[in-house]
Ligand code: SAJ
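Here you get one chain, nothing else, as C-alpha cells; it is the form predicted on its own.
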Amino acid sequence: MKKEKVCIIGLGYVGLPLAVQAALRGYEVYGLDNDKEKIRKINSGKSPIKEDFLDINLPKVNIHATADPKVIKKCDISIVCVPTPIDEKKLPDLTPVKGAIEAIIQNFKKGQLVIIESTINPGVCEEMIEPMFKEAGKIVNKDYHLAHCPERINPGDPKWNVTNINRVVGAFDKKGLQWAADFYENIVDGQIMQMSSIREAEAVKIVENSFRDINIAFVNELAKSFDKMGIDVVEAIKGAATKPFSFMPHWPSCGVGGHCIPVDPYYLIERAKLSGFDHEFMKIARKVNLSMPEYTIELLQDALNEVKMPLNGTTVGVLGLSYKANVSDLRESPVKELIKLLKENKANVLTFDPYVTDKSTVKNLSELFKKSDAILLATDHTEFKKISSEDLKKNGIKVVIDGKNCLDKESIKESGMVYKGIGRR
C-alpha cells in the first residue's frame, strides 16, 4: 500500500530528524523552511545540524526541501515543527505556529491531517488553531483533522532519538486520533499512547519539562545551601541515589539551557493565569535556575580573591558555548549570560567550543589555556572532561570554576590551583 505524502514545516532540531525518519520508513517527504542555506544543504544530502543520526541517514533518503508553501497542497499529512520561543519578558511567542497554520490554510488540501509537534500550552489547538481554520471556512473533523503529538528529541543522546522514544497523541476526533497514531506507529519503534483529548496531549510536554526544571532548581538551591554548610552536594546526591525507590537524581550546574526546560514552564504559567491560577512553585523554580550564572560568577570572584586577583582585568577562558554536552545547540544557553556578567565585571573573556568553532574566540584548548589566568567550564563536552590538572598547571592557570562538576577536583586542588564547583566542598 502506497504511503501518504508528508510535509514537515520547520526543518530544525525537531523537524529534520522527523523528516528523515519518515522518509526511511517509506513516506514521500517534503520539508518546508525559510532558511535557503539549510534547504540547499538538505537537498544535497548534507545535514545543517551536527547530529550522528542525521549525518548517517540524511544521505540515504530524498527529502524535498523547499521554501515554497505550495507543497502543502500535495501532502496528506502536514506536521508543524516550528519553534515556540519566549520573548524578553518571558511571555510565550506563538507567532511561528500562527505562520505555519496560515501557510496550511492558504495551501489547503481537503481531508488533510494536521499535526502540531511544536511545544504549546494546553488550549492552543482549541483556542487558537481550530478558530484560525474556522475563520477561513475550514471545519475540523469535516474538512481536515487536527492532532497534537508533542515533540520528544534529545540532541546528542546516543541511545534515545526520533526512532525509539515513546510518543503520545491527542486529536479532536477518533478518526484523526487513529490516523495520527498509525503514522507514528509506522515510523517510531517506541510505544504510542492515545490521549483522551487534545488538551491532555498538549499538557504532557509542559509536565515533563516543568518536572525537570523544578527538580534541577531543587538541587541548585541545595548547592547554594550546602556550600554555606561545607557539604559536597554531589556526594550527597549520589548517596541519596542509592535508595532504590522514590528518588531520581538531578544535578546542579552553572545554568539551565536548551529550547525546552527554560522555556516550557512559562507557557503553562501564563496560560494558567487566564484560568485564574498562579503557579507560584514553578515561578520560584525558574527564579532559582535563572540565578545560577550569577552565582557561578560569584564563585569565580571568591576564588580569585584567594589568589589576590581582581576579576577586573583578569583573563577568563570559558569552556563551552552550547547549552549541553556534545552538541552545537546554542538555544537558551546559560553561557551567554555568564559571558555577559564577566564582561560587565570587566574581565577579559576568551571562549572555545569544539562544536561551535565559528563563534569561539580562540582556535583550540591549548591557545585558551596559554592566554588565560582562570578557566570557567560551562559545558561538559567529552573533550573537556579529559582535561588534566597537568594541562592547567603547566599553563599557569590559577583558578578553575567547574560549572558542570565534571573535572577531577582533588587532582586540581593538589596541584595548587583554586577549584570551585557548584556546591562542591
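In case it trips you up, residue 1 is the first one in the sequence shown, and so on. Since the structure is predicted, the reported quantities are computational estimates derived from the model, not experimental observations.
Although not depicted, the form predicted in complex with this ligand is the subject of the following passage.
Chemist: With this ligand left out of view, choose which of I115, C260, V318, I101 has a non-hydrogen atom within 4.5 angstroms of it in the predicted bound form.
Modeler: The option sitting close enough to the partner is C260.
Chemist: Let me know the one among V169, V256, V162, A223 whose heavy atoms come within 4.5 Å of this ligand in the predicted bound form, would you?
Modeler: Looking at V169, V256, V162, A223 one by one, just V256 meets the 4.5 Å heavy-atom criterion.
Chemist: Contact with this ligand in the predicted bound form for P83, defined as at least one heavy atom pair within 4.5 Å: yes or no?
Modeler: Residue-level check for P83: no, no contact with this ligand.
Chemist: Is H279 a contact residue for this ligand in the predicted bound form, using a 4.5 Å heavy atom cut-off?
Modeler: The answer is no: H279 has no heavy atom within 4.5 Å of this ligand.
Chemist: When the contact criterion is heavy atoms within 4.5 Å, does F183 count as touching this ligand in the predicted bound form?
Modeler: No, no contact at 4.5 Å.
Chemist: Is the gap between K409 and this ligand in the predicted bound form 4.5 Å or less for some heavy atom pair?
Modeler: Residue-level check for K409: no, no contact with this ligand.
Chemist: Counting only heavy atoms and a 4.5 Å cutoff, which of 211-219, 172-180, 120-128, 336-344 contacts this ligand in the predicted bound form?
Modeler: Only one stretch passes the 4.5 Å heavy-atom test: 211-219.
Chemist: With the distance limit set at 4.5 angstroms and only heavy atoms considered, check whether I153, K205 and H250 all reach this ligand in the predicted bound form.
Modeler: Yes, because I153, K205 and H250 each have a heavy atom that approaches this ligand to within 4.5 Å in the predicted bound form.
Chemist: Heavy atoms within 4.5 Å of this ligand in the predicted bound form is the criterion; list the residues of 313-350 that meet it.
Modeler: Y323, K324, in sequence order.
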